[in-house]
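The chain that follows stands alone, in the form predicted alone, written as C-alpha cells.
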C-alpha cells in the first residue's frame, strides 16, 4: 500500500459498513451518515497533526461534492478548487476527483481536470469496497496525487503562486 505514516493515517479513518449508493434511497442516507462521520474524523485527525489540507461539502442529496484543497510548497500555499460526483454504481466505483484549474497542465490528468488514479488507487479501492469512503479517497487518492504533481508543476513553471503572479 504505502509508507508507515500513510498506513497509520488511514488506519485512523473509520471504515464504512453500509454498501449503498445514490439509488438505494434509505440505505444511501445511512451511507452518507457514515461518510460524514469518516470525513469529520479524518479532518479532525489532520488538524491535530497540523496537516489540514482540504474542505469538502456536498449538495443536499450527497451526490455532488465540491470544495478546496491546498498544498504548501516552500512555505507558500497553493489552493485549488475540487469537485466530483458520486457515481451511480458507488461504492463499487470510486468517484473521479477533478481539479479544473489544472486541466491540461499535467499528463496525470484526464479531460475536464479529472486526476489520474487508475494505476495505484482504483485497484486498492476495489479491494476495499464498501469499507473505503470519501475520506479514503482524499487520503489515498487526492493527497498523494497533490504531493507528486504540485511540486513538479511548480518546478516546471506550469503553475505559480498567486502572490508571485500579482507582482
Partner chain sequence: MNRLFFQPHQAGLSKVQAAEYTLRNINPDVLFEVHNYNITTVENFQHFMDRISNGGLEEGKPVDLVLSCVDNFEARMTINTACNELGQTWMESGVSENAVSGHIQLIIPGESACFACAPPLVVAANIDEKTLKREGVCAASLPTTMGVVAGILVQNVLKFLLNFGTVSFYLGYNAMQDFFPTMSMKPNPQCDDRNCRKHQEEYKKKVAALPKQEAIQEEEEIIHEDNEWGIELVSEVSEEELKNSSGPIPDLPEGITVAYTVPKKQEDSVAEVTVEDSGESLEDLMAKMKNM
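Residue numbers count along the first chain shown, from 1. What you see is a predicted model, and the numbers here were worked out from it, not measured in a lab.
Here the subject shifts to the form predicted together with the partner chain, a form of this protein not shown in this document.
- Across the proposed site, 11, 14 and 38 without exception lack any heavy atom within 4.5 Å of the partner chain in the predicted complex.
- Screening 57, 50, 119, 26 for any heavy atom within 4.5 Å of the partner chain in the predicted complex leaves a single hit, 119.
- Heavy atoms within 4.5 Å of the partner chain in the predicted complex are found in exactly one of 119 to 127, 42 to 50, 29 to 37, 65 to 73, that being 119 to 127.
- Looking at residue 85, you'd find a heavy atom of it within 4.5 angstroms of the partner chain in the predicted complex.
- Although the partner is absent here, residue 105 sits far enough away that none of its heavy atoms falls within 4.5 Å of the partner chain in the predicted complex.
- Interface residue remark: residue 22 is counted as part of the site for the partner chain in the predicted complex, having a heavy atom within 4.5 Å.
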